[in-house]
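A lone chain, given as structure tokens: the form predicted alone.
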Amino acid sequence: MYENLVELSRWQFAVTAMYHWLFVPLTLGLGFIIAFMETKYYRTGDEFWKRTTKFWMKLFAINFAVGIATGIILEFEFGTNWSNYSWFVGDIFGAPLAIEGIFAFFMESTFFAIMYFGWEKVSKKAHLVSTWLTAIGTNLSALWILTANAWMQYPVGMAFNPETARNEMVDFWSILLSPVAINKFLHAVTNGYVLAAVVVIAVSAWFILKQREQELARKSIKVASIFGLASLIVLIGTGDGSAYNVAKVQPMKLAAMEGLYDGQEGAPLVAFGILNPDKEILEEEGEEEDPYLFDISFPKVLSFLATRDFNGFVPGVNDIIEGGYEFTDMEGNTYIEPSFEVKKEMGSKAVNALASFQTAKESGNQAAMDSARAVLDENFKYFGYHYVEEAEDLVPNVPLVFYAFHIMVTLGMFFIVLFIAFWILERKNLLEKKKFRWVLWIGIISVPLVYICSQSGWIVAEVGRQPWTIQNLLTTNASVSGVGSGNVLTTLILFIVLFTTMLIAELSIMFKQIKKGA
């Protein structure tokens, strides 16, 4: 029953998060595209740009409204389904969420109202400022949410208080400015920019195919292709940073991303591969299965991405479990990585020391409290390993993470070609030629592809870090609330129905608006 509760709670949160991420990235990118277009109107006074801005603004508004609903539900689930997690880290995790709600969301909501309803009520300059502040506000909201998520994967700037059994913030800036947080924010928002650019190109391609709104379509494609290509360059750069950060703070995730079971120096990067379903962890010597049925790899590239050394050692799944290899962490500390058994022993010492501290506190024994506190501090780094039952539990779903990662990368390369093709064809006035109609159709069918790419990124990030809700400190099975699994199943079904209905309604409204045109 307890295992069902954990799985159902994970499914409920995953469904809510994935539906929410259907709406967020379009808002992140479309806000800036609208701001660029209105800036053009402000500078030229050309009514065409005003009409174009207002058209895309309507699609932004529809998406913005639905995204709010899913986001609110997502935050409530931390209290309803993950109360142990919220208790353990609420003093830290709650801060960026509170800032997001009080500052960023308030900012974007306020200026959104002026942007959408204030065309004839405020000056051109005030309206332009409101549009830019709306775009900035949506991205600031993402900043605080992504900072909270990054902290879960790289917990810094905190201290554990055994008096309350809670983690407390001691350095806000190290949380906000950690390399993981900065990279995650840039990677996630530029993903949104790329997605929005693809959507704008697809809608514009449809207009050209229907021989409607030709000027709006061509100029929108020009803006979107340049914006998308520039964003994709940043996205690739932050992807490289993500690989390096993951190698330092979540090496098991990196191993799953590449299907790497046994570490090696000069490790290759798999460009394309099919995993061997018979491959298992910790196989007997002489009975090891090849990890791939087929693969195309770039020699030594994974080592460079992970260590900045083409001959650097990258640990695989088995190495991380067995330990014994030299590892350099994010702070630059080099040590021999402990085995799972050693980490579990240290985690159990930390948990038992916490219990001893609480007992000593109740009896007023200060010496015993100090002794227990010393043991706790010495072993706290692996506190969460106490709750990991078997070494196999440290390994995420390798096929899911592996294929999601490679789908994401492959589609990213495809979008580079897409943006360049549309930019060149628009520049040479060839998009309306019949022989290039197939390119327009590719632009349209790229919409589901870009959403698959976006969702794949989150699958890698979140499934890849299992079994942890907080890396090395708290497992998923120790984070859930003590609610009935039947209640979670009921709300899961309700959320699926509700979110699907909202998605259908949003798509219906957006399609009607697109067909209506500017």
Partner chain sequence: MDALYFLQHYWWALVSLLGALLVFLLFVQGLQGLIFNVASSQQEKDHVVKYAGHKWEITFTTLVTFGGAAFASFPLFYSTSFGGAYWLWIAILFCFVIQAVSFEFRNDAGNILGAKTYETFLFINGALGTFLLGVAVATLFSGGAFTVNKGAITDVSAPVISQWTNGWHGLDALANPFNLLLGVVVFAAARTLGLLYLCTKEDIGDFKEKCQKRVYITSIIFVVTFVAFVLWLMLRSGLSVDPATGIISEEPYKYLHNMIQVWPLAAIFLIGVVLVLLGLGRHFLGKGLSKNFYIVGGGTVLAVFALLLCAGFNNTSFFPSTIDIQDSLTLYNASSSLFTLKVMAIVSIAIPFVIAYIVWAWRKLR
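Treat the numbers as computed from the prediction; the structure is a model and nothing was measured. Residue numbers count along the first chain shown, from 1.
The same protein also has a form predicted in complex with its partner chain, omitted here; what follows describes it.
> Is its partner chain in the model of the complex near all of Gly79, Ala165 and Glu506, within 4.5 Å of a heavy atom of each?
Answer is yes for this spot.
> Does its partner chain come within 4.5 Å of any heavy atom of Leu30 in the model of the complex?
Flag for Leu30 set to no.
> Please check if Lys54 has a heavy atom lying within 4.5 Å of any heavy atom of its partner chain in the model of the complex.
The answer is no: Lys54 has no heavy atom within 4.5 Å of its partner chain.
> Is Met169 close enough to its partner chain in the model of the complex to count, meaning some heavy atom within 4.5 Å?
So Met169 counts as contacting its partner chain.
> Is Lys58 a contact residue for its partner chain in the model of the complex, using a 4.5 Å heavy atom cut-off?
Close contact exists here: in the model of the complex, Lys58 approaches its partner chain to within 4.5 Å, heavy atoms only.
> Thinking of its partner chain in the model of the complex, which stretch from 333-341, 416-424, 438-446, 350-358 has heavy atoms inside 4.5 Å of it?
Looking at the other structure, the answer is 350-358.
> Have a look at Phe112, Phe207, Tyr244, Tyr154 for me and say which one sits with a heavy atom within 4.5 Å of its partner chain in the model of the complex.
If I apply the 4.5 Å criterion carefully, the residue I get is Phe112.
> By the heavy atom within 4.5 Å rule, which residue out of Asn139, Asn183, Ser130, Thr147 makes contact with its partner chain in the model of the complex?
Selected residue: Ser130.
> Taking its partner chain in the model of the complex, which residues along 91-106 bring a heavy atom to within 4.5 Å of it?
Those in contact are Asp91, Phe93, Gly94, Ala95, Leu97, Ala98, Ile99, Gly101, Ile102, Phe103, Phe105, Phe106.
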